[in-house]
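Before any questions on binding or motion, here is one chain by itself as structure tokens, the form predicted alone.
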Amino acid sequence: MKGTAANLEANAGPAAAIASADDAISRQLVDAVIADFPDHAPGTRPVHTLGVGVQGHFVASDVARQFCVAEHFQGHQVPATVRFSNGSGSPVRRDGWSDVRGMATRFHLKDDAATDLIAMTLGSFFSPTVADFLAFCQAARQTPVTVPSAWQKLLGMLQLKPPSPDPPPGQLMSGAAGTLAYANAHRSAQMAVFDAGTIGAPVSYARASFHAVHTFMVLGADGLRRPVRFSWQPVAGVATTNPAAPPVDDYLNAELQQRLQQWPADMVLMMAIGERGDALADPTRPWPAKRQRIVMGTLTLVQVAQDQQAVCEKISFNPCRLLPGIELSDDPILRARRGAYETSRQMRGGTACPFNPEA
């Protein structure tokens, strides 16, 4: 028996070492993101710190089950929890600033199972690998804001550099200079950095498009595995505020509350199917717009949750919490997010949610 125990311990050694290394990388990722926000409040999410929880339900389309056998695509009504958020890791609310917004959705299934889909208003990510992302975070450290002169802007245009928008009123620190410098030296970051700098502010969380950016593999009823990317499209249409007349710093939560008191808001889940030559493991490279897209269902937002702590702030979303019928691709950023999100949950005391054992 002692020999058997020793053998088991020896066999567990490499796996334990791998797990330890993964934990170290996860902590490194979380710490790198937190460092980009000097006023970050301990015990809160590293980014997308400020959010609002909404309750609703999802109903798959009639064709969804043909393309994916996962439980929430079989046509019955599925309860859903959504957390909309601003992208910043700062505890100061700046709804009117140009910022990436987030939409984390949990589908609540039978036997306490669940699956999550995490999306943002950018159509691509900043980095293709974990090492690249750590370097990007280092470059994105905040520095005092400087407004370039007209001559500097003209020189940048002549050099074909991405334009640097003027900061909003009251912004004294920003990571824009570092991210622009990083994008100038790293082509993979250019699309996301440019879009993030010009994205503006939505008039409503319910009037923005959200993209999951990563590739997933789905199993269809025909037995075929297909590479796909998901996005949410608002039925009310996309609308941003007027940059010449930015709204007050705090309006998005109140707008959503008022909107849902009058009528539910719908978001349509679209699924693009990848083809030969598409980037399956690189979230910095969008797929062509002409790819086949399937309407997978409609999410109906019903009400802002009364207990925001239980429904919104304590919940632990994770893009790798999947069901049979949906699998991770080989995207290294997507795979790293599982451990990073769990590390973040532990650091802020979020409610643990077991991963589905079949996933």
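Computed from a prediction, not measured in an experiment: that's the story for all the values here. Residues carry their position along the shown sequence, with the first being 1.
The same protein also has a form predicted in complex with protoporphyrin IX containing FE, omitted here; what follows describes it.
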* Spot the stretch among 209-217, 267-275, 254-262, 91-99 with residues whose non-hydrogen atoms come within 4.5 Å of protoporphyrin IX containing FE in the model of the complex. => 209-217
* Determine whether any heavy atom of residue 179 comes within 4.5 Å of a heavy atom of protoporphyrin IX containing FE in the model of the complex, and answer yes or no. => no
* State yes or no: in the model of the complex, is some non-hydrogen atom of residue 48 no more than 4.5 angstroms from a non-hydrogen atom of protoporphyrin IX containing FE? => yes
* To do: Answer with yes or no whether residue 107 is in contact with protoporphyrin IX containing FE in the model of the complex, where contact means some heavy atom within 4.5 Å.
  => no
* Are any of the heavy atoms in residue 83 no more than 4.5 Å from a heavy atom of protoporphyrin IX containing FE in the model of the complex? -> yes
* With protoporphyrin IX containing FE left out of view, choose which of 183, 118, 114, 201 has a non-hydrogen atom within 4.5 angstroms of it in the model of the complex. => 118
* **Heavy atom within 4.5 Å of protoporphyrin IX containing FE in the model of the complex - qualifying residues of 325-343** => 333, 337, 340, 341
